[in-house]
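Before any questions on how it binds or moves, here is one chain, the form predicted alone, in structure tokens.
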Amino acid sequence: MPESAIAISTSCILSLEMPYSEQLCIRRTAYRGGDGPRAAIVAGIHGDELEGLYVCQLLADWLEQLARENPAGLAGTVELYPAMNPLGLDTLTRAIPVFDTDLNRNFPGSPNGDLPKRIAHAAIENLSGAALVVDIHASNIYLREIPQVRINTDFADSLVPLARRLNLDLIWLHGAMTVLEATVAHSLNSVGTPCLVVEMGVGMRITPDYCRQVMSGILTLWKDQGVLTPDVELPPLDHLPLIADDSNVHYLNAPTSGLFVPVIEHWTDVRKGQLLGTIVSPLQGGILSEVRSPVDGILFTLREYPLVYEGSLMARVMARKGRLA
């Protein structure tokens, strides 16, 4: 292999025999250039979230073009893990089938546990030590989210500077929760491997514009960290994130059951008292309830699935705090 060539390989980080002569394989595609830093992309932890799979495809296509046109541009190693929950992806279910458990509540895992624990353990073993891991999620089938990165306040000092360069629209800082300690991001950040959690779009769908937006930010971070050489040309970042935390995010829950009909576009400036949508009943005319913004701000979460029950989340509005420096 020429000194400047990029080595591309595919392997299984975990392989298990299954019934009916089938085999479970957690696949990794690696692109190895020089001896520089290693970066990784994780997707498909939840089987009904497909946005990250398309981001992996876009990155793979970009890296293969780099291998043809400027192989010396990859100074380090990139690893893509597009399907951490292949059984869930095969069945379009969030959890791991049969076990009916959320893979992202099983980290750091165990080499001798049940299947979810073994997948989690293999992931941590292979991801630990990377210069940067980006864990990509979609929303569920009920809500649409603008591209955002979610950061535990325990790790904000080290992760927010990275998140600023990810070309996203929002950085959401959230307080520590016991349940989140079993996620891949918390497990990696706890051992010193920086991991950013990206969420965007809607479950069981892909949003190509969002995926390309995230891809641009990932490439920028790789260049910042020396995974790509300084001469690699990238498009300029065109999104500057706002910051949200527990003090400026307002949740709008349905006061009654019915069909939620929005009258406003997602990711829109709103005024206090502005009509966002109505709840109607298919059994009668008229309006059961109006949904109005509680503050001046930006509508960054909007219900995608129209059927609601009392208490269902319909939207989130972020009161403005200004853009990050």
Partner chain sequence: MSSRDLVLMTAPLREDFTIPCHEIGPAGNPAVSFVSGLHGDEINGIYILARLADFLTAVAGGNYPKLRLAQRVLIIPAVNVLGTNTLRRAWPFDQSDQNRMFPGNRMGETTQRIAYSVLEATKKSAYRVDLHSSNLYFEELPQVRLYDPTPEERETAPLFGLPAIMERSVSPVFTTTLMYAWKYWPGQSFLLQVGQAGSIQLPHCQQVFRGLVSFLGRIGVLEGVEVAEADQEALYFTRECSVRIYADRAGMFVSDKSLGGWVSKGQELGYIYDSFNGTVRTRVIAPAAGLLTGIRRQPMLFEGDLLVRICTRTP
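Numbering follows the first chain given and starts at 1. Nothing here was measured: the structure is a model prediction, and the numbers come from that model.
This next part talks about the form predicted in complex with the partner chain, which is not shown.
Chemist: Under a 4.5 Å heavy atom criterion, is Ser257 part of the interface with the partner chain in the predicted complex?
Modeler: Yes - in the predicted complex, heavy atoms of Ser257 and the partner chain come within 4.5 Å of each other.
Chemist: State yes or no: in the predicted complex, is some non-hydrogen atom of His239 no more than 4.5 angstroms from a non-hydrogen atom of the partner chain?
Modeler: Result no; His239 lies far from the partner chain in the predicted complex.
Chemist: Please tell me whether any heavy atom belonging to Gly113 falls inside 4.5 Å of a heavy atom of the partner chain, as the geometry stands in the predicted complex.
Modeler: Output for Gly113 is yes: heavy atoms within 4.5 Å of the partner chain.
Chemist: Just to confirm, Leu234 within 4.5 Å of the partner chain in the predicted complex by heavy atoms?
Modeler: Leu234: no contact with the partner chain in the predicted complex.
Chemist: Using a 4.5 Å cut on heavy atoms, which of Asp100, Asp90, Asp224, Asp154 is close to the partner chain in the predicted complex?
Modeler: Filtering the options by heavy-atom distance leaves Asp100.
Chemist: With the partner chain left out here, work out from 161-169, 247-255, 193-201, 123-131 which stretch has heavy atoms within 4.5 Å of it in the predicted complex.
Modeler: It is the stretch 247-255.
Chemist: Can you name the residues of 304-320 that have a non-hydrogen atom within 4.5 angstroms of the partner chain in the predicted complex?
Modeler: Stretch hits, in order: Leu307, Val308, Tyr309, Glu310, Gly311, Ser312, Leu313.
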